[in-house]
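Take a look at this one chain, the form predicted on its own, written out in structure tokens.
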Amino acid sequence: MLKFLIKGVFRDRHRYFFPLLIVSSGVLIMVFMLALINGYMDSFIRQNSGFETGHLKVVTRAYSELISQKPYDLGLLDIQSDLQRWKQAYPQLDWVERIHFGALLDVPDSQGQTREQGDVIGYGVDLLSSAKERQLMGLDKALAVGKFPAQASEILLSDKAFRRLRLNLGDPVTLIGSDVYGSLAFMRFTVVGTIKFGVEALDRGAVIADLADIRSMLDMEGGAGEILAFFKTGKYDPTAVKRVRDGFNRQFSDPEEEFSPLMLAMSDQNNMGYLMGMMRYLLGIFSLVFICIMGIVLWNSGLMNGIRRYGEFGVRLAVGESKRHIFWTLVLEAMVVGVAGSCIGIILGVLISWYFNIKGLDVSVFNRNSTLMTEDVVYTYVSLRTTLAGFIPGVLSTVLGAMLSGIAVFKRQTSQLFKELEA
């Protein structure tokens, strides 16, 4: 029976061409859009975890209340022994210490007087004794010119700020800020390289210096503003993150002590939970809207096709076939077209997504005034879930359209169908 229906569908161009074109085009668009959204989400999570949130983050309870201000004066002090205990308790995590700070970058002239100044966002990270931070922050890829710091008092500066301040490699600069006690703090550095992340929020003016130098400048010996933790697999797993966070806070955090360590998940910071939830919600809405629109279009196509086939229906009723059987054969025909169209759409969508997975899609025009940690070039990401998310709605929409148009068979009188046959 199925073989007979398939032959009947694909031998009649009017019965398959237009529905097949609609379904394959719709599935192609859906697969590509889902791959693009997944790639954007991966970029969003990777950039935010690498620079701001980690998969998990440990701060003091006082720091957590003002976390958007990065109050390093409320940071963790003398935490090396505690950090060793945490590493032993959670060996599946990599731990890194950081200090985030704001400062004024002063550029002197040949006489030692101020020539240029600019605000910068500072990152104190372990550059000299560990290669882990290079990997997490993507510094190897981001290095534009120059080299990485090889000794104390050497820094990296964002390429845009470097050019805006008219600097040359090897030029001395001074970072001016305040230490943990509120006193004026400044330290002389040498710019040895520039970085370009492709993230507008960072490229406007970021400074990366060795953690030991920043500790000395801010009078935070042995301390850190934040301690970030990353799963060694490199993947963000919301379920595992929640389990680790809750276990850590039960074991190591004291709700009555304001400087007690507190672990936060990525979703607890910077509205990340809301943003990631909204993305998942939008994906669901996108799929539902796709099914509805495609169903309506294919409904109209089915009605037009059904009018052309009234004579056929009359013959089938005349030989004793029931209306119910005619209805379900229409649905089965639609399912055949839906499967074929969805497969074609998936193949084309995967090919296009694969191209942009290699070349990337430049979205810098949307990031010019953005403060979100997203890359200027987004790479699509195709997974089995993405292809299924395109295949299932493609089939459902054709079946829905066929069922809506097939209802017309039940509304027609058998005698009327015979008349149309005679005509």
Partner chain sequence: MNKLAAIVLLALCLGLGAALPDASAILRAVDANLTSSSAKSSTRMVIHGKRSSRTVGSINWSQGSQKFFTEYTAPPREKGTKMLKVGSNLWIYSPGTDRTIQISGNMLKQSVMGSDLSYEDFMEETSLAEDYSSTVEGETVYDGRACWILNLTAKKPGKAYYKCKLYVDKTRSVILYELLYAKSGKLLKSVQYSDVARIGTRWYPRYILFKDELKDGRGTEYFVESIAFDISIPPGTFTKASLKK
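In this text the structure is predicted, and so the values were computed from the model without any measurement. Positions refer to the first chain, counted from 1.
Quick note: we don't show the form predicted together with its partner chain, though the next part is all about it.
Q: Which of Tyr281, Trp328, Phe259, Tyr274 has a heavy atom within 4.5 Å of its partner chain in the predicted complex?
A: None of the others qualify; the residue that does is Phe259.
Q: Though its partner chain is not shown, can you say which of Met187, Ala212, Leu93, Leu83 has a heavy atom within 4.5 Å of it in the predicted complex?
A: Flagged contact: Met187.
Q: Looking at 238 to 246, 69 to 77, 137 to 145, 336 to 344, which lies within 4.5 angstroms of its partner chain in the predicted complex, counting heavy atoms?
A: The contacting stretch here is 69 to 77.
Q: At 4.5 Å between heavy atoms, is Gln117 in contact with its partner chain in the predicted complex?
A: Yes.
Q: Look up in the predicted complex whether Gln47 has a non-hydrogen atom within 4.5 angstroms of its partner chain, and give yes or no.
A: Because no heavy atom of Gln47 falls inside 4.5 Å of its partner chain in the predicted complex, the answer is no.
Q: Is it the case that Asp254, even though its partner is missing from this view, gets within 4.5 Å of its partner chain in the predicted complex, heavy atoms only?
A: The answer is no: Asp254 has no heavy atom within 4.5 Å of its partner chain.
Q: Mark Asp106 yes when one of its heavy atoms lies within 4.5 Å of a heavy atom of its partner chain in the predicted complex, and no otherwise.
A: Contact check for Asp106: yes, within 4.5 Å of its partner chain in the predicted complex.
Q: Using a 4.5 Å heavy atom cutoff, which residues in 150 to 177 contact its partner chain in the predicted complex? It's fine if the answer is none.
A: Read in sequence order, the residues that approach its partner chain (within 4.5 Å, in the predicted complex) are Thr174, Ile176.
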